[in-house]
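A lone chain, given as structure tokens: the form predicted alone.
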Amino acid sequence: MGEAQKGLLSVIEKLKGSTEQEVRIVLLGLDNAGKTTLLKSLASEDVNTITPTQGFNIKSVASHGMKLNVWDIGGQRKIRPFWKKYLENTDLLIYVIDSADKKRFEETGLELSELIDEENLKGVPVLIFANKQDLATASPASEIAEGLNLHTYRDREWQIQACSAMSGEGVQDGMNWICNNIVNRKK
């Protein structure tokens, strides 16, 4: 069993006291950030054959009366204007950043800022995965957080988590954050 699957299962285990609770998670980020790799890793699927998402992928995991519905929406520039159509009733936003693609930090920061201002995401917690930490050129999560001015997001819970969607490293910590923040929010 992969580390990411163990992470997701441990979150579900912690939530097993709830009945029939559904959590709607929207997974966004620029193209090539690693969103689909992260989603496939969480679903224990092969992460070696990923193709760019042209629309969206949905994965649902059910266990102990809990259903996590994760919407992975493509990040190409032509698709981004449609992101807001998927935000209604969102319990958590997961935003994935390619930590090694410094040339696109400004662009990804602008997209995240626009999402934070969306009415349907008002007060919704945000988990930012600083992905591709396994690459030598990756910026540390703390540096990315500073560059994105995350400290200015005072109207919601947020967390930045260094990870590698390919290896699963750091994903467990992000899943634990989801468990501790989303579930408490929904009670």
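In this text, rigid core is short for the largest set of C-alphas that superpose within 1.5 Å between two forms. Predicted model only: the values in this text are computed from it and were never measured. Quick note: we count residues from 1 along the sequence shown, nothing fancier.
Here the subject shifts to the form predicted in complex with a small molecule, a form of this protein not shown in this document.
Identify which of 118, 146, 31, 157 has a heavy atom within 4.5 Å of the small molecule in the predicted complex; exactly one of them does. None of the other options qualify; the answer is 31.
Would you check, heavy atoms only and a 4.5 Å threshold, whether residue 165 touches the small molecule in the predicted complex? Yes, contact at 4.5 Å.
Residue-level question: is residue 41 within 4.5 Å of the small molecule in the predicted complex, judged on heavy atoms? Looking in the predicted complex, residue contacts with the small molecule do not include residue 41, since no heavy atom lies within 4.5 Å.
Examine residue 37 and determine whether its closest non-hydrogen atom to the small molecule in the predicted complex is within 4.5 angstroms. Answer yes; at least one heavy atom of residue 37 falls within 4.5 Å of the small molecule in the predicted complex.
Take the rigid core as the frame of reference and indicate whether the C-alpha of residue 92 shifts by 2 Å or more between the shown form and the other one. Residue 92: C-alpha displaced by less than 2 Å between the shown form and the other one.
Superposed on the rigid core, does the Cα of residue 115 end up 2 angstroms or more away between the shown form and the other one? Shift at residue 115: below 2 Å after core fit.
Outcome for the Cα pair residue 108, residue 73 in the predicted complex, compared with this form (closer or farther; change of 3 Å or more): Distance between the C-alphas of residue 73 and residue 108: shorter in the predicted complex, by 3 Å or more.
Relative to what is shown, are the Cα atoms of residue 173 and residue 72 closer or farther apart in the predicted complex, where the gap shifts by 3 Å or more? Between the C-alphas of residue 72 and residue 173, the gap widens in the predicted complex (3 Å or more compared with this form).
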